[in-house]
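Shown next as structure tokens: one chain only, the form predicted on its own.
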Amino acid sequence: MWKIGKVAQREFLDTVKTRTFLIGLLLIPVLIVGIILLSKKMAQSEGGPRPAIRVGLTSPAGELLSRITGAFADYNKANPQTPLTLQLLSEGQDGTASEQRGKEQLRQGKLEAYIVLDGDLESGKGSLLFYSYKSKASQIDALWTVERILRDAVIDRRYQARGIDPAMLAEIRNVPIRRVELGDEQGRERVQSEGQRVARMMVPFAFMYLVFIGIVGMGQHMISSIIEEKNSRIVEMLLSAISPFQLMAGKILGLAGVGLTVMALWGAAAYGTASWQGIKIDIGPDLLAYGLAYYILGFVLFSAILAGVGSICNTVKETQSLMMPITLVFVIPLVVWPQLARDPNGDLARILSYVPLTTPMLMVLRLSSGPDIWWGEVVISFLVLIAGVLVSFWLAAKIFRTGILLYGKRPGPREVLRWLREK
């Protein structure tokens, strides 16, 4: 056992002493703080100026047209750095000539949007025809603003036509809401801000993503370490003193320690920054204990697979094709996390909780999402994960034992199966 500990210590120190690792380890917390501060500053800023968005409009003369032109004028007065230029295109007897001219100006780049008021919009029987042509990504937000201005102008006109006072309606619809969160004891209450609610929603994803980075990110070091030692023939010297199993187990244990260090620092940076901004994140010791247990088991499972794959390859490039399907399975929880967070006790969440490759992230997500999970599910998930760890470790050890000393052409599936059948 002490030999495994020696290998783990060597793997840990060799990884954390590299300059690139230290820079990355310290840079990520700085980036987390920087992103939060930059997002806050951007939310408070009004943004810089942009070129005027030219909007063509074909509409019958009348009160509605007057309201639309007035709405554009009010917008430009309130937003001088992001103006909207309204160009009225006169309507012919059937409107066809004017519409064709507007579309042609749109294709020639003289307009960014062209709108036709079709039918009786005031009675609700018409529609707005909104034409665009090869819109740029930087213009999408402005085009949404144009749609909003036109929609509000039509609604205001409908209010007027039906004798409805918009101010009275807004007063009726205005219902102030003060969100108050209770404390653990009587009298301890605090108003819950919007940032607090968003943070509460993002905690499950952040917790799950932290486990994902710890498993997959640190697991990649296993591949590079094995390939480097194999190509430099260092592995032959190591195997003269220890067994292949001890070497593989020591590497996994050492890199698991590196992953825990990284997760602790990044998690502390995120938690500290959130607290600094006045956002309270409730993470109890039980959730931390579960996260630690699932991370260790998940890391051993993934690293054992990587150790087996790395031992039969000679370059990192060769491992990519073999690791792609396994990595894609790990990514599934990140892709469907909104649905899983909304329904952590649903069928999809339960099914993925019993797939060893997704169990660590799924159970962490479910446990941090809030609702109580039957303790039996937690026990079953641990049993499934432990079984997956034992099977993968046993298979990886048999492959590692032979593959780590092979060079040249990568062995095929039949040869690997033959290794697994050997006692």
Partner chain sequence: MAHAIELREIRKSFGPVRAVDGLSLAVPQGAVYGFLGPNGAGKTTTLRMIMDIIRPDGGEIRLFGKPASSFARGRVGYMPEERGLYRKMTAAAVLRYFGSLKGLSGSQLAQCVPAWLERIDLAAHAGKKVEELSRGMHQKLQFAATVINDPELVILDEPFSGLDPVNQDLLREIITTMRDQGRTVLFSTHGMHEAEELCDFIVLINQGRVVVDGTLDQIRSRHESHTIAIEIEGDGAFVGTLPQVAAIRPDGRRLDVTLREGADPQELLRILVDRSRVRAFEVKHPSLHEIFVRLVGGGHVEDR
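Numbering follows the first chain given and starts at 1. Owing to the predicted nature of the structure, the values given are computational and were not obtained by experimental measurement.
The following text describes the form predicted together with the partner chain, which does not appear among the structures shown.
- Under a 4.5 angstroms non-hydrogen atom cutoff, the partner chain in the model of the complex lacks Lys134 among its neighbouring residues.
- The closest heavy atom approach of Asn79 to the partner chain in the model of the complex falls outside 4.5 Å.
- Glu318 falls outside the set of residues with a heavy atom inside 4.5 Å of the partner chain in the model of the complex.
- Contact between Ser232 and the partner chain in the model of the complex is found at the 4.5 Å heavy atom cutoff.
- Of the residues Ile172, Val335, Met237, Met324, just one reaches the partner chain in the model of the complex with a heavy atom at 4.5 Å or closer; this is Met237.
- Stretch-level contact analysis of 292-300, 242-250, 69-77, 157-165 against the partner chain in the model of the complex, using heavy atoms and a 4.5 Å limit, identifies 242-250.
- Contact residues in stretch 54-76 (any heavy atom within 4.5 Å of the partner chain, taken in the model of the complex) are absent; none meets the cut-off.
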